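Just one chain follows, in the form predicted alone, and it is written as structure tokens.
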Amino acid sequence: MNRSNSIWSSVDWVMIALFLFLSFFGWLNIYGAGYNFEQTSIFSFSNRAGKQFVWLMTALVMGFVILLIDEKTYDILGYVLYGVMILILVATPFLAHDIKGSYSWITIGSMSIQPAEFAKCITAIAVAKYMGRYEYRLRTWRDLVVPFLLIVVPMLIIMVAQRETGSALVFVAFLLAFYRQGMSGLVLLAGILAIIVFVVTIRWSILPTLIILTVIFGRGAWRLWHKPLVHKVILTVCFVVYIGIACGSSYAFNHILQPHQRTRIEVLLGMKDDPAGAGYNVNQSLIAIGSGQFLGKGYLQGTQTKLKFVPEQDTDFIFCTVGEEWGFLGSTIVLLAYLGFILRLITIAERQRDTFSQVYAYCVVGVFLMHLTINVGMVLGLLPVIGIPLPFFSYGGSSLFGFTMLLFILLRLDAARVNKLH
């Protein structure tokens, strides 16, 4: 009884308040996105808002049950859960139906479940368990091999077997935890350079890419002129690797990516103007957001929303409903709430007293930050449309349960920190 009382007194209620605000305001906007003058009650299970309310209530129960589970359970069962998750991910394409080219949804009766949403949480637990070992130290690149594999395996299964690129890319967010544990910033710079190489190669061909790489590595060679031979060898290997990335980018873009994925990237990079095709979603989204002006058209008064000009308006493009009905002011309040949410997550991560909890916390920070950045970025036309939900806002039980698990396991670990020594 005393232990239970200590949990409730130690839990971060500020974070729970932010969770409740985002979840319930998201639910209201899901109702607004699908509303028409003949709409049934917001609680009716015949519409999406009614279903979301049931899932939200279930998520709340799930969250508070998680708070009652002993925090050591996640560390003890980390690898077991990971193994089960991999089996489910491998089985999913054989059990799932083709939904817009993706095989990531398992249908059970009248419900559909996307295992990839839960894989993020379980992968974070497995990575935290490995890096949280007493003898583990992140000193060289060899110490990153196993954690990288723990991330890459589910990522490749989701991307290749399930053909769900958006969910797979989110796993890159775990690199934030590696960086916090001591991974060199050069790794992040190398990743950014790889993205630049991909964009330049796709947008302007491989020749400008070769020129940029020659200039960058040429300056590096000049500075290493008097350094030991090993430094020059490493620089040469890196140069060859990036040449390979440039050639691989061209091949992947033309032969691996699906036609609709290539078109979306071409529209984003200004290589193609397709307002009635691949650019339609973003174009209509921008019209909806712009029409809201400063104060918005009013709740349930959005014309772009009511006339269903914006596809996926209660899932991937839910933020345009906020912009249209609540305007710039409402959108700013939502983004500030998310900012407070992310900053609070970082605060929680920094005050953890053991490596397992801190690694898991920064995995959670990375996942939420990437979802927020990509979703809002694609709605505003700043990033390609890859279809990932806005946390706690987008319609869907799987995403809501997945985000709830991520958050409340962290809150459970955080509540237990008062009983741990530095």
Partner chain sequence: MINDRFFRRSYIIAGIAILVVFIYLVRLFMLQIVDQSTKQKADSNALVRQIVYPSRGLIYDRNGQLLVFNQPIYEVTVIPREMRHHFDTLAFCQALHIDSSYFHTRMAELSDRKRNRGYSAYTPQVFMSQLSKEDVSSLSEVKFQFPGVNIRHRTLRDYTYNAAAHVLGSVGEVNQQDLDRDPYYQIGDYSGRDGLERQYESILRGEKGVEVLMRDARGRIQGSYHEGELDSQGTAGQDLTLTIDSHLQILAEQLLGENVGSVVAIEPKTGEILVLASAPGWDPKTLVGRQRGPNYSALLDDPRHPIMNRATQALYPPGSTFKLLQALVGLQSGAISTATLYPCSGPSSTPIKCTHNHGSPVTLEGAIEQSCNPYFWGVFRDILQLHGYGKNNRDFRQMYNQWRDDILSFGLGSKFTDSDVPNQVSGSIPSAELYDKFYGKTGWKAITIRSLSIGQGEILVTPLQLANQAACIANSGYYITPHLVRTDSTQRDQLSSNAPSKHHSAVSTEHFAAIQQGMHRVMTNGTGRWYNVPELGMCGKTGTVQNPHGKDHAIFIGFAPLEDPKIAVAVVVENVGFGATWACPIATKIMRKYLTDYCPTSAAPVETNETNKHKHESKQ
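Positions refer to the first chain, counted from 1. All values reported here derive from a predicted model rather than from experimental measurement.
Omitted from view is the form predicted together with its partner chain, to which the following refers.
Shown alone here, Lys232 lies farther than 4.5 Å from its partner chain in the predicted bound form, counting heavy atoms only.
Among residues of the shown chain, Gly220 is not one whose heavy atoms approach its partner chain to within 4.5 Å in the predicted bound form. Contact check for Thr332: a non-hydrogen atom falls within 4.5 Å of its partner chain in the predicted bound form. Proximity of Leu343 to its partner chain in the predicted bound form falls within the 4.5 Å heavy atom cutoff. Stretch-level contact check against its partner chain in the predicted bound form with heavy atoms at 4.5 Å: of 52-60, 356-364, 65-73, 26-34, the positive one is 356-364. Only one of the listed residues (Gly166, Gly327, Pro93, Pro154) places a non-hydrogen atom within 4.5 angstroms of its partner chain in the predicted bound form, and that residue is Gly327.
Exactly one listed residue, out of Ala161, Met183, Ile88, Leu193, brings a non-hydrogen atom to within 4.5 Å of its partner chain in the predicted bound form: Met183. Contact residues in stretch 380-407 (any heavy atom within 4.5 Å of its partner chain, taken in the predicted bound form) are Leu380, Gly381, Leu382, Leu383.
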